[in-house]
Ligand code: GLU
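Only one chain is included here, represented as structure tokens and corresponding to the form predicted alone.
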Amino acid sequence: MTVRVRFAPSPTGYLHIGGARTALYNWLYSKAVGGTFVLRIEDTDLERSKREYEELQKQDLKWLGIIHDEGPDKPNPKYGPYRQSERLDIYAKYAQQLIDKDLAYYDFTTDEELEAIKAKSEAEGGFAGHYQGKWKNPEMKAEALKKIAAGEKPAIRFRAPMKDFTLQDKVKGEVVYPADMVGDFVIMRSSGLPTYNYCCVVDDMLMEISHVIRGEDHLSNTVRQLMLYEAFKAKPPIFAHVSLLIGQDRQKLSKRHGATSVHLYKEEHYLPEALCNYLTLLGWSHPQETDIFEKNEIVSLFDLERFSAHSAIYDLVKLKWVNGQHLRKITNSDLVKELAAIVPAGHAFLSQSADWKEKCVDLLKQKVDFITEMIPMMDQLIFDEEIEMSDELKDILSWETTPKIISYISAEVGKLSESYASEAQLNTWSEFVKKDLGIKGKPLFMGLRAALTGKGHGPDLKHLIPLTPVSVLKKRAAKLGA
């Protein structure tokens, strides 16, 4: 089988994080089996759809590394156009075929009449959503044609067959849709625009989509689509309805659970590979139970059998942890470039040597989950001359050994003419305090840290002190010794 999958967003806003996961799953599967990943734009909501949103969604997909093989900008003449707004004549043609076979009919029922039909059906204990209007009667077709000839615009309604439909879903297993679950439904509105379930089937059928991987919120739609495939005598694609994303409160993911659009994660400097990594695990499990990976590393492992039917809990704490793991995988030279692009103009980081910068980011990336967190941490640990008298620092300063260390360090850094102290210099200071001042253990290490950093805890001094300007060390020691 030639595998063709699609991602079909509506350009009515920014790319939702759930949509990004759907796109990612389709992209991974297409790459795993050597198939084609199609981007189709469902823009028949003319009032809300905007071309700028389409472009922004494409940019977000590109940022995530999810690149389509076919789409509006990569057309295949056999399957295009790829925007539904450009396929209206196709939908009209196939709707006419259904009418000609009496599988659909023209409907001039007004909204008021529909409400009356619904109320009557409810009163009689029937299915409130099932259409029982007069236009479904075959003998009404002649009258409908007269109205059309007179310039009136009908909707087109599909005749829902009253029988069970069964779906063999790759995630949910066997799903049975009982007869009478769905009544006759509109496939073309009187405006000439198609409805979602109808154009979705026509597009998937004509674009030869072999697999439909999408969220389980579409599961209830699928019975209508199965009916239409049967009406067109077309083989349905293989469906895989993946679990919904929910918050920690087990409610559908919304803004109260954190950012829900990809562009916000981009603005917050999440790493795209980290976001893809985390999204992959929300509904799919790695065969080796590996948590940290890049997209290309799992292409050969990705299949539809490892999807979970259970809802996936979206956990921002876990996402941040995953981002930190990916941050630590970035080479120091690349990280220097990325950090240099976001530090404020004139920041001290920018004027340092290449070797200093690489050692700095190597130290900082072990302590943070986001590149943006490096800037305040760098300022606080390396460039801050001020002393914040925390309770911890006050306690260390109260020890009788600490003033001796501060006095010694203040004198020693005052002798330095170099811009930075070396690790060897630090070892010399430590040895003197231990042997000549007779201070060992905790009083030595914490006292030395307090004298050099003005803090009670932090990174290993052998990495931190060679990065700290001597001018800063001098001012710290002077303030502590005052």
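From 1 onward, residues are counted along the sequence shown. Model, not experiment: these values are computed from the prediction.
Just so you know, the form predicted together with this ligand exists too; it's not on screen, but the next bit is about it.
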* Check 9, 200 and 218: does every one of them have a heavy atom within 4.5 Å of this ligand in the predicted complex? -> yes
* Asked: Does residue 42 reach this ligand in the predicted complex if we count a contact as any heavy atom within 4.5 Å?
  -> yes
* residue 224: heavy atom within 4.5 Å of this ligand in the predicted complex? -> no
* For residue 349, is any heavy atom within 4.5 Å of this ligand in the predicted complex, or not? -> no
* To do: Consider residue 307 of the chain shown here, and say whether it contacts this ligand in the predicted complex, taking contact as heavy atoms within 4.5 Å.
  => no
* Structure fact -> Only hit among 196, 177, 314, 79 for heavy atom within 4.5 Å of this ligand in the predicted complex is 196
* For the chain seen here without its partner, which of 140 to 148, 169 to 177, 210 to 218, 262 to 270 has a heavy atom within 4.5 Å of this ligand in the predicted complex? -> 210 to 218
